[in-house]
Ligand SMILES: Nc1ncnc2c1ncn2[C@@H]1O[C@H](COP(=O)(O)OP(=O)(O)OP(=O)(O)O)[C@@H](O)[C@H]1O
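The chain that follows stands alone, in the form predicted on its own, written as structure tokens.
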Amino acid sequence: MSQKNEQSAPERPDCFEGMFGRCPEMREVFALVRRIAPADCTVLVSGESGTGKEMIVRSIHRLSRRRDCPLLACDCTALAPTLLESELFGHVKGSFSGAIATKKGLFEIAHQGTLMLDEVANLSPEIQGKLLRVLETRRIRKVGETAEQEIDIRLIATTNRSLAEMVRVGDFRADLYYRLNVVPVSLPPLRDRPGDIPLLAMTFFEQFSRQMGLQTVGFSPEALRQLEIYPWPGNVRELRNIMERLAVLYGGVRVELQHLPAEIRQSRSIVSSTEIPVTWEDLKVQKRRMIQEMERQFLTSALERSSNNVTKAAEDVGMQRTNFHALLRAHKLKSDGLG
């Protein structure tokens, strides 16, 4: 999703709060955001990495009654549990080694505003329990303090993993999941909205070309078709970065197929026009083959991005390590890396 330049970019019918999309799935997301933003309810935004979860959170905040108060974000993957507790709840002087002064936590600083918990699936069981109590009581207690204080915030959580699946296998508290999942907003991966790829590509390419003072000529039909075929494992974030690269290298000229990065040029459609099934049995066979091939490409791409580290690959795609290993075995794929 693109970040709109509010100073210069005109309003467009396919643009909502700086995000672009024409497909039905994104139109549904935009309509849902409009509806829930003023309601002050807790929201759980899910989607693969790079689909624009943070932009959805910012849109909800901008359209809410809390728009004039802070929007703060906490990356739940960046800190150890003890440091994360202090970051969220604050601490009093002397409560632990290194606590040389009393510190406000994000819950307190975000008073009357919005707090985003980014990648909430990574919270430790202990922090999950403390967060559940906050959602139930709307009160917090600093680390090392006995007194509680009331807070007035809107909480929005994001995740690139299935919390429902984590609840099923015992990795996430069910009671916390239901507290967070008051209104779910699910963002589709870019590969499931191919009709939006030309729109996003042109929007980003024009934006970066304009920043460099270059005229935008556009893309050849062959180049656009190849952009639609590519599965975009990094989603809209990857598309935006590729468009910036193309604007730097080829801004001012028409982007042709040969100008695209090798991984995009070499991508192939799973089913060619000559392979369209003609019977119901043919369709079922073709579907199985398509799923198998897509799973294999999914696995190899994840391993390549993680330098063959299975643990990291599983985390990046939002799977349990054991499930990722099982899928590798099913496709007879091996990893020589760690994890």
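Quantities reported herein were computed from a predicted structural model and do not represent experimental measurements. All residue numbers are counted from 1 along the displayed sequence.
The form predicted together with the ligand exists for this protein as well; it is not shown, and the discussion that follows is about that form.
In summary, among the residues Leu88, Leu200, Leu117, Leu176, the only one with a non-hydrogen atom within 4.5 Å of the ligand in the model of the complex is Leu200. Residue-level contacts in the model of the complex: of His259, Arg225, Arg237, Arg254, one residue has a heavy atom within 4.5 Å of the ligand, and it is Arg237. Only one segment in the set 308-316, 50-58, 279-287, 64-72 has any non-hydrogen atom within 4.5 angstroms of the ligand in the model of the complex, and it is 50-58. Contact annotation: Tyr230 falls outside 4.5 Å of the ligand in the model of the complex, judged by heavy atom distances. Residue contact with the ligand in the model of the complex: Phe20 places a heavy atom within 4.5 Å of it. The ligand is not shown here, but in the model of the complex it comes within 4.5 Å of a heavy atom of Phe204. For Asn160, a non-hydrogen atom is located within 4.5 Å of the ligand in the model of the complex, even though that partner is not displayed.
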